[in-house]
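Just one chain follows, in the form predicted on its own, and it is written as structure tokens.
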């Protein structure tokens, strides 16, 4: 035994180890290695660790070099056994070691038993190191090439000791150990370190792709945010298509409804004209079956349905889904014949489709909500019911003969009140207009109840110019009279106040009846509509709150954000 033999065996074993690592590198490009790039205690991860590292453990033995008439093998199963335990834990390490050890034992030789025990010991050593690091929160060290190489080096030293202890005759065992010690220490330690470095590179590559994908997805989401809420039409679709085209860098982007092309940007825009009917069978199939259609031009043929000279070579058609999962259109991404459709753009396309579908639904919901608010406002207008007009006209008739001037004043108030109801804007008015409308209503009620009703209005001058939602105050005053002072025998009092507190304005209508019924619907239709309108517009922290001291007073307070009204 001489140094030349040791050096020669070292070179040969390193060559075999290189083959081993080439296989590892090739597999690391596949999804098989993704579970190995993260420390996890889940069983799917452990099973993946066991299967992969058992295979590498067996491969390390098969790629080994027989020495001294085949009585021993200079090999590298320690890489698979140690890394299986280091990344999968004690159970996985032991399982990999047993699997690799049984395989080595079946190959025989005077080192067969000792070598099989070595592999089991190496897997267990990796697993115990895994447990030690996890318990101390040093998970990052599991992916340290230096640790992997060092741990493998130590286990090879132990392996050599076991070989000497169990193999016979001792003189032959000593010769073999002397021959294989240095080659195995170098090849296994270096191999384990490089293997972990391959895993680290794979993990970094996945992280970079994820960061790039996330950044691009967030950028697209930020740019298209809210565009389709204003309507799924040709103008908005063209804006969205241009944003996606610029952000993704694909060959072309198209958006369609169920019948025609709403937008087309990119290669082929000269014959894919907006407003023309959909001609693509892929698009029609995606709409009718609610399916994502990917035609890569190879496995699934792609041919432009409009021009045989079109430069587009592949397409991805994704349905846009509306209410009840009904397809309302599609978004289409194209690549030219000279370019391969990237997986990232395929995933992005499907994510963008979900985002746009959500925006379209939100927009329709907002429009329906707006229509509902308008309907509720019209309902407030319509609350001038026949009984109110009948009572008002009766009051006017009763005083026409005795007090014509007052009758004219009431007719004027009635005219103002009706005009405000019929012609007032549906959104905001200044508080002074709201007060004028309320005064017209109160003028009629004061004539009707004569000396049984008194009204006090206390509105600070600076607040008269503040904008408030139309029909906020009058329904509350009407509610206070109809369900409060109108039910009293003694004199009723209505007090209308306003004040600012911080960034909110408070409108208060208080009566001295104290007849508020806190049961659902007890506040009257008008008050409930006012409350819902303000909450829908400004949030649940605003709206109408009621406070009642039975038979003493009822106070309705409207809280509105000051910033939204200035």
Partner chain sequence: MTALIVDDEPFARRELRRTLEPSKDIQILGECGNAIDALTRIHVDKPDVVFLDIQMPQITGIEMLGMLDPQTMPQIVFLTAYDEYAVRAFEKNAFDYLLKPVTADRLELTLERLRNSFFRQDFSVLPEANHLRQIPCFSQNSVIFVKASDVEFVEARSTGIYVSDTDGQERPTALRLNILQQRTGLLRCHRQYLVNIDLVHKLQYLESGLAEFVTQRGRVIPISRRLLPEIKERLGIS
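Because the structure is predicted, anything quoted here is derived from the model rather than measured. Numbering follows the first chain given and starts at 1.
One more form of this protein, predicted together with the partner chain, exists but is not displayed; see below.
This chain is displayed alone, yet in the model of the complex one of 281, 394, 307, 106 has a heavy atom within 4.5 Å of the partner chain; that residue is 394. When the partner chain is considered in the model of the complex, only one residue from 158, 215, 398, 221 comes within 4.5 Å through any heavy atom, namely 398. Among residues of the shown chain, residue 486 is one whose heavy atoms approach the partner chain to within 4.5 Å in the model of the complex. None of the heavy atoms of residue 299 is located within 4.5 Å of the partner chain in the model of the complex. Interface membership of residue 211, defined by any non-hydrogen atom within 4.5 Å of the partner chain in the model of the complex, is ruled out.
Taking non-hydrogen atoms only, residue 204 never approaches the partner chain to within 4.5 angstroms in the model of the complex.
Per the 4.5 Å heavy atom criterion, the partner chain in the model of the complex is contacted by stretch 399 to 407, the sole one of 357 to 365, 77 to 85, 399 to 407, 321 to 329.
Contact check for 390, 447 and 450: all three have a heavy atom within 4.5 Å of the partner chain in the model of the complex. If you take 166 to 202 and check each residue for a heavy atom within 4.5 Å of the partner chain in the model of the complex, you get nothing at all.
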